[in-house]
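The structure tokens that follow cover one protein chain in two forms, given apart as structure 1 and structure 2.
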Structure 1
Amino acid sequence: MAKSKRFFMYLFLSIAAIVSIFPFLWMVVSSTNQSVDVTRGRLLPGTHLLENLRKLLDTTDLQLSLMNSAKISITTTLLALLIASLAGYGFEVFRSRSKDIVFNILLLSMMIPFAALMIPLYRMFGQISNVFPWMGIDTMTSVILPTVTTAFLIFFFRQSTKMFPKELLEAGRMDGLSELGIFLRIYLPTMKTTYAAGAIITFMSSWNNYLWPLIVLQTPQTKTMPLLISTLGSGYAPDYGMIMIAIVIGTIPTALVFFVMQKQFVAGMIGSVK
């Protein structure tokens, strides 16, 4: 009885693992094959990787889209971590009734669907374009500003701050550090895993953001990777090999960030769930 249960357990997990991994394998293998072979269902690695890559570089502005995505995601991540950790720390360390009320109001923003914001935001940035073109429609700033602050990340940092030892705060005050000094020199270095988890979450959602950039970025020069992949994928006579190499390249940064920081991510998540 116990043995058959064990067997079923491993079988189930193995099927789940195969189903999860298979589309990745297919995408990587297909990026090395010719379009015809992909259609024929070839599942073995081929020799057309470089040819596919050349075609991609010739027909699209791959480097530009990669740069745009990188600039937007890195800026968003750094700013988001700074803004949200300052706020999460502030709400917890300088706790007061009025701040708790404000915090709860901020949490409500998590319930607002982006679909309800996109039209007013689009009009808002349209108006900004008339005065400050450098931060209006079709600029990096217009992508970053509305997405950089999320109540989720503030909540995440506040939860983790609950575990930050208060004695360290007192010690910092005794040493004559300013409140900002305590935050920068004591809090920030001790909360590395929280920052790592926050960085992963933010970087991934920023790198993968699609709907808002689709609306606000309107010229080929400002295209991000998801927009490039979406355009390639909607063509009528798709070159599978070439599209798959674009998808592989577009997935590498988030996969890398995840695998490098996986330990901190899991640790940070456990911290926030406690």
Structure 2
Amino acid sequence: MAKSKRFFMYLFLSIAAIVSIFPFLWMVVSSTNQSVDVTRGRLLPGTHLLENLRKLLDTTDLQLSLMNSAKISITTTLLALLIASLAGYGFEVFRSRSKDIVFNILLLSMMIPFAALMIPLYRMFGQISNVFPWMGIDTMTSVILPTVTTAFLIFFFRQSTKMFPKELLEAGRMDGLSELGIFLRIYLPTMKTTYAAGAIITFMSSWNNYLWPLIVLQTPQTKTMPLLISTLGSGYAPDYGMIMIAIVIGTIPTALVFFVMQKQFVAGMIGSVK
């Protein structure tokens, strides 16, 4: 009975794994085929990988789009981790009568859909561009600032801080460290798994961000990878082989970040502190 139960469990998990990984495999295989083969649903590797890559490089400025996405994602991730960890640390460590009220209001903001904020944000950055052109429409700053931190990331850091040994804080204060010194020298190194998990979540979200960059980035020089891929698919006769190789290239950075930091990600998500 136990063996049959284990068999069906592994069978179910195997089917779920195949279903989950099939879109990725189909994407990779399709990048080696011609457009007509992709539309026909060919599932075997082809011989047109280099041809699709050459057409992509000739048709688009792939390097510029990759650099734009990298600059936005890396900057957003670093700023988001700094701001969210400081906020989560403050919400959990310091005592105040109103902090729980403020935190609950922050959590309620998660219920507001981004679609409801797009027009106010666009008007705000449009007005800012009259004073600070480097922060206005069609700049990387306009993409980074609205996504530099989220209520979820602050909530994530606060919940992880609950696992932080409070004895270390008291020891740091007794040694004469300032609160900033405690944060930089004790909290930050101890919470590295939480930072790793937050970095993966933020980097992936920023790299794959499509809607807001579509609204504020209006010139080819500022396009990110999702916008580049969207442009390739909006033609009268899309070249699906070229689109697939672009998607593969756009997926590589997020896949690398996840696989390099997957152990820290799992440890951070379960709330472990080292």
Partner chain sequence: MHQTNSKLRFRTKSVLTGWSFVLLAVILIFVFYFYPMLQALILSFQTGTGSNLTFTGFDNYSRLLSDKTFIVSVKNTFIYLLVQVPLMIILALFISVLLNDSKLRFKGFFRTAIFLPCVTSLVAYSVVFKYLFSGNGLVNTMLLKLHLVSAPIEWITDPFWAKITIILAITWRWTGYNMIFYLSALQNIDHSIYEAAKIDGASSSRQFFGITVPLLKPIILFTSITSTIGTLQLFDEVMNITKGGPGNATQTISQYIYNLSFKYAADFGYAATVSYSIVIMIALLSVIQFKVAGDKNG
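Please read these numbers as outputs of a predicted model, since none were measured by experiment. Numbers given to residues start at 1 and step along the sequence of structure 1. Under this definition, the rigid core comprises the largest set of C-alpha atoms superposing within 1.5 Å between the forms.
Here, the chain labelled structure 2 is taken from the form predicted alone. Fitting the two forms on the rigid core leaves the C-alpha of Gln63 displaced by under 2 angstroms between structure 1 and structure 2. On the core-superposed pair, the CA position of Thr47 changes by 3.0 Å between structure 1 and structure 2.
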